[in-house]
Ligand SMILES: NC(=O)c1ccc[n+]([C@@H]2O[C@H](COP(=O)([O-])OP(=O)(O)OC[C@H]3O[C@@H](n4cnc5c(N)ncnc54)[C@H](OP(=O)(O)O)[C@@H]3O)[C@@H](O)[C@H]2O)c1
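Only one chain is included here, represented as structure tokens and corresponding to the form predicted alone.
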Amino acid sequence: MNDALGDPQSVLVLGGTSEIALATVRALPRNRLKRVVLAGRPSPARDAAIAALTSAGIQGVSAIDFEAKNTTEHAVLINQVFDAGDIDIVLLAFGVLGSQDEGEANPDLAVEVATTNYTGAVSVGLRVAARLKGQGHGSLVVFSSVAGDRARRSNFIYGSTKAGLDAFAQGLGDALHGSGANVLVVRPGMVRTKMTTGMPEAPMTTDPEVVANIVVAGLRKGKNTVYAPGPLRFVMTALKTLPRPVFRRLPQ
């Protein structure tokens, strides 16, 4: 339950090693946090994330095993976390980029990307929403991407999964309207993380901390959708209106 000042006290991170999600946890009023659950695969990276948050003065950091593709296990996991106490913020932050070329050559690889990024998100998203609605408060933050605004030739497999996730999250937010719970959809551009290491930087490339501050500000203002950085909203609006033959000629 949010404290008397309206600050969150508990956070569940689905995708517990996500650099953007961890930056978001650090951007919250850390002296108010009493419980942070990092859901992800057991790994040195997850252990390091627990140690880093704890060293930053955040209380009650723990981990729970989670695999996005194992949808049959999601109900037990979500219920286990919520049964131990209300959750104020859930960060849905898992996903894989995959290789466009490899996915086209081997559709099974494309299916793996879709299963993680979309099917896994639908599975946990619906279960989280039901628990947030039941407790009468809380925010589900869904990390989408501008790649879903209009899929490009160079990454339409990944982009299509984000487009599906984005539409799902918007509908889920509408379904929760009036319940006390809400959904915030976050549409970052390119972010400097391990996922993008070695890739050429796109215009308006930013850092996890910048995205995190935008997310926290969006939560405080009760927004439904934010772009990170903010000016990307206008860029993507323009790109979505371009005729398809013109769009195809742009650098992909």
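All values reported here derive from a predicted model rather than from experimental measurement. Sequential numbering from 1, following the sequence displayed.
FYI, the form predicted together with the named molecule isn't displayed, but the following is about it.
- The stretch among 92 to 100, 174 to 182, 77 to 85, 122 to 130 whose residues place heavy atoms within 4.5 Å of the named molecule in the model of the complex is 92 to 100.
- Interface membership of Val216, defined by any non-hydrogen atom within 4.5 Å of the named molecule in the model of the complex, is ruled out.
- Interface residue remark: Phe66 is counted as part of the site for the named molecule in the model of the complex, having a heavy atom within 4.5 Å.
- None of the heavy atoms of Ser139 is located within 4.5 Å of the named molecule in the model of the complex.
- The shortest heavy atom separation between Gln59 and the named molecule in the model of the complex exceeds 4.5 Å.
- Interface residues of 191 to 230, taken as those with a heavy atom within 4.5 Å of the named molecule in the model of the complex (partner not displayed): Val191, Thr193, Lys194, Met195, Thr196, in sequence order.
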